[in-house]
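Okay, here we've got a single chain as structure tokens, the form predicted on its own, with questions on binding and movement later.
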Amino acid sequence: MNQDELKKQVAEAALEYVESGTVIGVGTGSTANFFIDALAGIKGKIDGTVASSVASAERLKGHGIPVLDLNEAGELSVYIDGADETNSQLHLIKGGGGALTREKIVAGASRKFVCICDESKLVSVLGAFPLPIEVIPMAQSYVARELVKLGGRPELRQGFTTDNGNIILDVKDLEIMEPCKFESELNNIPGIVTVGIFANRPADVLLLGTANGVDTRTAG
């Protein structure tokens, strides 16, 4: 199976976590897009969705799936999204598509977070994938200097602005041994909006696409 087939496999498996008569959170990225396309087949089962990006909202609407504002929707039954990296504790790196802030908000507002990805995203230590960090533009240089002090090599994502009007620094050369601690440490740097480490609120369920089928893992 190629990577797209593995992504489609886990996207379809995630439909089992969609509860009737609820509003669900929907993520951003290539794997999430497969989920959106699969969700179209059961769209009558749910009351609506909250999207973590403008792009996902447009794709959902294109399938005739209602998209609500999170402030109107309240608590969500489940959030389904992909990841750029995951470890065995279901700590994640997310934000390769630049939607990390809204992704983290929607994940936080959901009772359950189901992460869907192919087996290539499973790593022993987070950090090989450059860590995305959303930053207020005026703080770019200051935040970059602070990240260098922590051992990272930040690079501005050229020509990219988040849905929130901010910039992304992609931080290379990290080996994140203590994801929860490092996430909290970065959150204390003024000017950082959101860190692409999802560890203090990890995924509850990981659906990993493999050549032998979907490998289901739970936190703890």
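Remember, it's a predicted structure, so these values are computed and weren't measured experimentally. Residue numbers here begin at 1 and follow the sequence given.
Just so you know, the form predicted together with ribulose-5-phosphate exists too; it's not on screen, but the next bit is about it.
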Taking 4.5 angstroms as the cut-off for heavy atoms, does residue 152 touch ribulose-5-phosphate in the model of the complex?
-> no
Although ribulose-5-phosphate is absent from this view, report whether residue 49 comes within 4.5 Å of it in the model of the complex, heavy atoms only.
-> no
Look up in the model of the complex whether residue 29 has a non-hydrogen atom within 4.5 angstroms of ribulose-5-phosphate, and give yes or no.
-> yes
Hey, in the model of the complex, is residue 84 touching ribulose-5-phosphate, heavy atoms inside 4.5 Å?
-> yes
Joint contact, 134, 201 and 203 to ribulose-5-phosphate in the model of the complex, by non-hydrogen atom at 4.5 Å = no
Just one of 88-96, 134-142, 104-112, 67-75 has heavy atoms within 4.5 Å of ribulose-5-phosphate in the model of the complex; which?
-> 88-96
Even though the chain is shown alone, can you say which residues of 105-123 have a heavy atom within 4.5 Å of ribulose-5-phosphate in the model of the complex?
-> 121
